[in-house]
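The chain below stands alone and is given as structure tokens, in the form predicted alone.
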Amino acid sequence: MEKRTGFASNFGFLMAAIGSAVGLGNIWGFPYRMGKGGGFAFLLVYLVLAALCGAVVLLGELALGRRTGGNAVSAYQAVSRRFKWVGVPAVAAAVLILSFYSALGGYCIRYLMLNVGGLLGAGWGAGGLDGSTLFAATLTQQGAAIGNGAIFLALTAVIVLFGVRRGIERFCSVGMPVLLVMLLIIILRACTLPGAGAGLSFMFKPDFTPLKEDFLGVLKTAGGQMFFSLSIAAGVMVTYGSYTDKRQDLGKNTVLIVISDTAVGLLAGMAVLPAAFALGAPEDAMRGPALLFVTLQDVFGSMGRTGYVFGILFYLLVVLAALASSVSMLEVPVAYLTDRALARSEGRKTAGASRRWLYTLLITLLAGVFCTVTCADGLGSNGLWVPLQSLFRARGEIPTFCDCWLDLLDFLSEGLLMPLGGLLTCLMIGWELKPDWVGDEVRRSGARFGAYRFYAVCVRYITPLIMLFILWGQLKDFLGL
């Protein structure tokens, strides 16, 4: 079989892995889920989950990918008969996430251009319109939404087509440092707005009331954010792990990825929530896409002409973050299909590049179908039929995940497939392969694995139990229990 091209450097791998983890999951997801989960209570639960679950699954997936050298499906097939199918739902989750990511990325491109137009005084710019009016128009302009989603998806495909080193690694190695600089600029402005202190207090002042009132709800919200943010159980880290050098310290890299991802999530919260509180936004304005496209746009609008500059920086930041994640989601199914085709063609070098082009195009088109439907739906604004809505309407109450196509795709991937995949991965590593299997792979580079006992206890007992609670919380919503 033709040799697979991996990352050229550990820095490139880290930037790609962190970029996949950061994405919309942090810049958009972390602030709004923090608002939904009660601020500090959510943060506390998230930090515990990141240590006891996120890092454990992440390390296991990186070790699985590097040791087998396989993609998200073949890696499981190589080590287990009982769990050989676990990679299939991971690939499905990656395609679903790529689909609604592209829709959201398209909205970000739209808002980037609106702020550019506002700065230039052009008729197609924001023109001083309030956030609600702009967002309502964005959702109902189906053609423009579909076009912007297609542009975002095309950019993703172009980066992936250049391959691991010249595409993904090069883009993330430049994009992630730039993203951090822009995020710090936005934070500096957000935290100096009058009334911004209330947002910081909401984030960091201890308040355990939400945990007493709805612990399972906070756990479910934080758990969903953990999967969404860290890109675990979607095949990404298995695929990226297969591209890493045997000399790299997997344990150290895992810690760096989790810490970096959590830090960016907190920074995103500091960029968004203080601005929302400074504006005096109501509680429902801090949940879902409204936080990114209504509340924040109103904040920029309140700054006068300077606000357009910060709007351009912010939405460019979100586009870059979303692209870093979307390329990883596209790489998962492309790597799987390319490896499979190369194995069947006995590794003929002429098959490698052409097959990669073909499968990138096919997966892009498939994701484009779901992206088109999601954009046309406009978060439920345009009356499109959503699967399962009729069933739940007959029962008298429609759950939130059936509100629109975006919520449905998000629920199926982040709410069901990813927690299930994470649970099964832990069971496979903890009880079939045994924790030593991962320990041996970590030590292969000559690194010490000082946290081995902690890892072994977590992967066998603690992490699966927490995964069950998270999965139960999602199923409870799905079944209406």
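Only the largest set of C-alpha atoms that superpose within 1.5 Å between the two forms is called the rigid core. The structure displayed is predicted, hence computed values, not measured ones. Position 1 is the first residue in the sequence shown; the rest follow in order.
The same protein has a further form, the form predicted together with ligand PHE, not shown here; the description that follows concerns it.
Q: Heavy atoms within 4.5 Å of ligand PHE in the predicted bound form: which stretch in 228-236, 160-168, 400-408, 207-215 meets that?
A: It is the stretch 228-236.
Q: Ok, Val459, Met467, Ala21, Met15: which has a heavy atom sitting within 4.5 Å of ligand PHE in the predicted bound form?
A: Exactly one residue meets the criterion: Ala21.
Q: Given that ligand PHE is not shown alongside this chain, does Ser325 nevertheless sit within 4.5 Å of it in the predicted bound form, heavy atom to heavy atom?
A: Answer yes; at least one heavy atom of Ser325 falls within 4.5 Å of ligand PHE in the predicted bound form.
Q: With a cut-off of 4.5 Å between heavy atoms, is Phe314 one of the residues that contacts ligand PHE in the predicted bound form?
A: Outside the cut-off, so no.
Q: Val56 versus ligand PHE, in the predicted bound form: is there a non-hydrogen atom within 4.5 Å?
A: No, no contact at 4.5 Å.
Q: Under a 4.5 Å heavy atom criterion, is Ala72 part of the interface with ligand PHE in the predicted bound form?
A: Ala72: no contact with ligand PHE in the predicted bound form.
Q: Indicate whether the candidate residues Leu64, Thr244 and Ala335 are all in contact with ligand PHE in the predicted bound form, with contact defined as any heavy atom within 4.5 Å.
A: Answer is no for this spot.
Q: Going through 412-446 from first to last, which residues have a non-hydrogen atom within 4.5 Å of ligand PHE in the predicted bound form?
A: Contacting residue: only Met418.
Q: Quick check: Arg67 between this form and the one not shown - does its CA shift reach 2 Å or more after fitting the rigid core?
A: After core superposition, the C-alpha of Arg67 moves less than 2 Å between this form and the one not shown.
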